[in-house]
Structures are given as structure tokens and as C-alpha cells.
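Quick heads-up: it's one chain on its own, the form predicted on its own, in C-alpha cells.
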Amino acid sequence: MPSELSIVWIYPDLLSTYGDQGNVLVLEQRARARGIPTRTIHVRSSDPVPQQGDVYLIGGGEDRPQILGAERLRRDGGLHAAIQRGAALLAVCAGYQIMGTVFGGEEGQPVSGVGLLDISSGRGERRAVGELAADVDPALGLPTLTGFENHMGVTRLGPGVRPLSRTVVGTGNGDGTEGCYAGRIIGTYLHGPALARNPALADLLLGWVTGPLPAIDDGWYQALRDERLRAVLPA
């Protein structure tokens, strides 16, 4: 277990919609509850992405900030280096699309992503807005995910990734799946913020870089998750 957990929040000046910064706060709280000190680095789009972080987070955003974020990440190279040395990454919505090979710009034009995930995204015919619930790939050992989606993306998964989950309610990738994962990278359309609504997902990211985690009191998080699931799942 590291003496200090380094959390890197990428481009909050461009990509931080629908409370996605809450994912940072959840990781900080759940690490500290286990006696793990944390250090959080907010990396603005004018700054280089540090290569020595433990967990990296990137959130959602509008079309133009998404394009700018992708351009700067491609030039920077710091996130690629961090992933190669074993860091974990959670990429949400626009950030999820950026991690792929290509995504749709503001007019639907193809924009190059950073290529960390074997996915390609384009613009769908209608916006997906509302609550989402999805059953997670059993290999990850997580309970049903819950969150809020607001996007026009359609994401196609290549052979280099696995679906994170399969939708019970909502749109997700647009083909019955939601998000994807490969190695220590998780991509998802879930806002909420995602880690507040899904504490087991937060612990999965932490465990990848710290090793086995002791149990903590999950009462508040579980109550929030269960309330949202009751509201959206069929009776």
C-alpha cells in the first residue's frame, strides 16, 4: 500500500460537467477512511500532465472543450506514460470518448482521440438523457451500476476492450452495453457523480493501485445507490 495516493484531475477547466469533480472527492474520502493519505493535483489544460500519479480522472464537457482537451492530451503524452507504468484511469462521458481512436466533433466531423482505448465514437440521432442502470461484467465482481447520462454519443467497442456493463435502463454505448474497460482503464457515460453513486467502482480503482483494501462503513453511499436503483429499476 502506498504511503501517499496521488490523484490527478485532468483539465477541470475544460472537462468537468454534471459534478464529475465529485469523483475526486469520493476517492480522497475513501482512501483517507482507510488511513491512506492523498495528494490531489488539478491539471489545467495549459499544464503538463504529470506521469507519476496513481489514479487519473477526466470528466465530461461540451463539444469544443472536448476537442481542445483531446488535442492537448495527444501533444502532451503524460497520460500515456502514466498508464504504461501502471496508473489507473476513470474517464467519463466526453473524457471516455477522448480515450478512444476517434469521436464526433461539434458538426459530427471525426476528431482523433488519444488511443488509450480500442473504441470509436460518433454522434447519434437523439440525445440520451436520464437515469441509467447496468449490470457489470461478472469478471469485475461489482454490483449493478447506477448513474445519470446526458450525451449524443454512440460508442463502438473494438476487440481490445470489454464492455463495462450491460444496460438494464438507459442508453449507454447505444448497443445494449455501457462503458468499457481494458487493463486499469475504465470508461463510462455515467455521471452522478459516478463514484458517489457506485462506491464499489471507486474501491476497484483504488485497489488496482493500492492492493487489497480493508472494509469501511459504506452506509451513506449504499443508501444513495439503493435509493436511485429503486427509483429506476422495474418493480
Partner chain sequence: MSQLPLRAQLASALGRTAATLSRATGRGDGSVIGGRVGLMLEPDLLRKLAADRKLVLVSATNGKTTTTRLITSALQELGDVATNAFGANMPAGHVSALASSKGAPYGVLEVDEKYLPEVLDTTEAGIVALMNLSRDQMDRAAEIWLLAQKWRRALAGRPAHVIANCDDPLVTWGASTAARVTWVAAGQRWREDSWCCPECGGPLDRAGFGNGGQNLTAAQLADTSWACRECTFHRPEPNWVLDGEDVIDPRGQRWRLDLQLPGQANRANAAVALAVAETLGLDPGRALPRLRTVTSVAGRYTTVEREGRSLRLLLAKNPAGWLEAFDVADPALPIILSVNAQGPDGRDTSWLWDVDYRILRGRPVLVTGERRLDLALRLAVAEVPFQLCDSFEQAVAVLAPGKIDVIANYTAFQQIRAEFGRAV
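Quick caveat, the model's predicted, so the values are computed rather than measured. Numbering follows the first chain given and starts at 1.
Not pictured, yet referred to below: the form predicted in complex with the partner chain.
Put simply, residue 144 is far from the partner chain in the model of the complex: not one heavy atom of it is within 4.5 Å. Residue 175 falls outside the set of residues with a heavy atom inside 4.5 Å of the partner chain in the model of the complex. The partner chain is not shown here, and in the model of the complex it never comes within 4.5 Å of any heavy atom of residue 52. Contact check for residue 25: a heavy atom falls within 4.5 Å of the partner chain in the model of the complex. The partner is absent here; in the model of the complex, the one residue of 210, 38, 45, 171 having a heavy atom within 4.5 Å of the partner chain is 45. Listed stretches are 162 to 170, 175 to 183, 189 to 197, 202 to 210; the contact stretch with the partner chain in the model of the complex is 189 to 197, by a heavy atom cutoff of 4.5 Å. Of all the residues from 7 to 45, those having a non-hydrogen atom no more than 4.5 Å from the partner chain in the model of the complex are 12, 13, 14, 16, 17, 18, 19, 20, 21, 22, 25, 26, 29, 32, 42, 44, 45.
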